[in-house]
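Quick heads-up: it's one chain on its own, the form predicted alone, in structure tokens.
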């Protein structure tokens, strides 16, 4: 009798969401295949090895729809990153657009999907920190269930992972005006973990005062770094910020890094402080 590992993979390509969920119910150990640009079964640089059973979502049109509300846009998790970019020309946060443009190159973004980027095993995809800062929500559907998770709930769990039999179906992105936006990313999937990080900042000012400020860092091997107390301290402060306020902010960020479960590398610490200093120097009144 042939060994299971020697058998060719069984690939299913459903065309509807109910069909995809039925397949997951029938094959609970099946691997969902979204964009196919990365696989938990594959080492970078080696030939692609498919799992024993795969449910490919590339034909499921239900997962590629966009829904517009008064205060949000729902993005289908099966949309490619370039399709999301097209929607974002008019409707979506410019910091998210920058994060997508920093993800690979055009050909890759024609394959990579929103859900595939977010649901990578063991860590957050590059787009999650921006969605966290914006206040996004995530819909998961099972064959008999549906639930929404906030970005805060996801970050508390440490990753965006569907339960058995679930598929990430929609990402709800609030529509808010953030005149000041900043995004920087250092490294890519080939860069050592301790030399990678990203930063996103959003700010809104009026009559020379800060109405809102949000700042988040993502250190892949450590997780998210967001200091909500510091964000609250900046509300009502006059811009440009006084040197004393900037120094206090840097001290608070240093203390927050010391409280992380896994310490950042010296390189990451230096870059976090440099980026914080830069963002605070750039925020001016409208």
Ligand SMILES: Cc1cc2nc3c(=O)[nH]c(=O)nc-3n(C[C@H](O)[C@H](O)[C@H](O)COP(=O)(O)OP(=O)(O)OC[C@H]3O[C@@H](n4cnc5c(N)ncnc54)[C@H](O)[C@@H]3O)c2cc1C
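None of the values given here were measured: they were computed from a predicted structure. Numbering follows the first chain given and starts at 1.
Same protein, other form: the form predicted in complex with this ligand, not shown, and the subject of what follows.
Is this ligand close enough to 57, 121 and 189 in the predicted complex that each of the three has a heavy atom within 4.5 Å of it?
Every residue of the candidate spot has a heavy atom within 4.5 Å of this ligand in the predicted complex.
Since only the chain is shown here, I'm wondering whether residue 103 would be in contact with this ligand in the predicted complex (any heavy atom pair within 4.5 Å).
Yes, residue 103 is a contact residue.
For residue 168, is any heavy atom within 4.5 Å of this ligand in the predicted complex, or not?
Residue 168: contacts this ligand in the predicted complex.
Residue-level contact is defined here as any heavy atom of the residue lying within 4.5 Å of this ligand in the predicted complex; does residue 185 satisfy this criterion?
Answer yes; at least one heavy atom of residue 185 falls within 4.5 Å of this ligand in the predicted complex.
Can you tell me if residue 130 lies within 4.5 angstroms of this ligand in the predicted complex, counting non-hydrogen atoms only?
Although this ligand is absent here, residue 130 would stay clear of it in the predicted complex, with no heavy atoms inside 4.5 Å.
Only one of these stretches, 206-214, 172-180, 67-75, 107-115, has heavy atoms within 4.5 Å of this ligand in the predicted complex; which one is it?
That would be 107-115.
Which residue, 249, 224, 257, 32, has a heavy atom that falls within 4.5 Å of this ligand in the predicted complex?
In short, 32.
Going by heavy atom distances of 4.5 angstroms or less, which of 142, 94, 135, 162 would be at the interface with this ligand in the predicted complex?
It is 162 that has a heavy atom within 4.5 Å of the partner.
Sequence order please: the residues of 169-183 with a heavy atom within 4.5 Å of this ligand in the predicted complex.
Going through 169-183 in order - heavy atoms within 4.5 Å of this ligand in the predicted complex - there are no hits.
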